[in-house]
Ligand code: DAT
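Shown next as structure tokens: one chain only, the form predicted alone.
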Amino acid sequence: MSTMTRTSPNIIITGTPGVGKTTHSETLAQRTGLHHLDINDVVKKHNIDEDRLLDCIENDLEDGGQIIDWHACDLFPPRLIDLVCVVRCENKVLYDRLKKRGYGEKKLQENMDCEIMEVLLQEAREAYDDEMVVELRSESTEEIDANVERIEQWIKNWKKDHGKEGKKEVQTQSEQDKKDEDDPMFLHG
């Protein structure tokens, strides 16, 4: 087994569409300096399917410091993930959010059923150790702020527990901004 070289954890923010995954991820990235890895953007940018997705982002995950924003989580190997946050929302609030987005009746019902049946929460619990999975409520700005503060504290504790407190990766800004998924030859090499 190799020694962990990551100086920051990888965190999955998952949940049914409309629960607030991206809001949580963007706010957390702004407040912590971790990288918001929006999987929908990666898939669109590289026109790849789930089978090739992990190939595209695996090096970023091995480097650490990723906030993975996606509607699923079981694709990502547990060895590369440190925390899984399943964002949940009261059904009426979620229904209103999805309706406002213009979801058609079929898509709206599928997503509501997914939330009601706790599909993503169960997926997370089956794919990762129980202590890695947390359920977060996201009905108000106050709840989102409290969730982000809670995750920020968790990150500080992770760094302390892993001897990474106060350590920064030595990289130029262009190296920090460049990710494997940005290299057009990455999937062809």
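Throughout, we count residues from 1 along the sequence that is shown. A quick note: this is a predicted structure, and the numbers were derived from the prediction, not measured.
Separately, the form predicted in complex with the named molecule exists; it is not shown, and the next lines address it.
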property	result
Triple contact flag V19, T22 and S138 to the named molecule in the predicted bound form, non-hydrogen atom at 4.5 angstroms	yes
Heavy atom within 4.5 Å of the named molecule in the predicted bound form - residue from I39, C56, I144, I155	I144
Contact residue in the predicted bound form, from R101, R79, K106, K92 (heavy atom within 4.5 Å of the named molecule)	R101
Segment that reaches the named molecule in the predicted bound form - one of 22-30, 60-68, 43-51, 122-130, heavy atoms within 4.5 Å	22-30
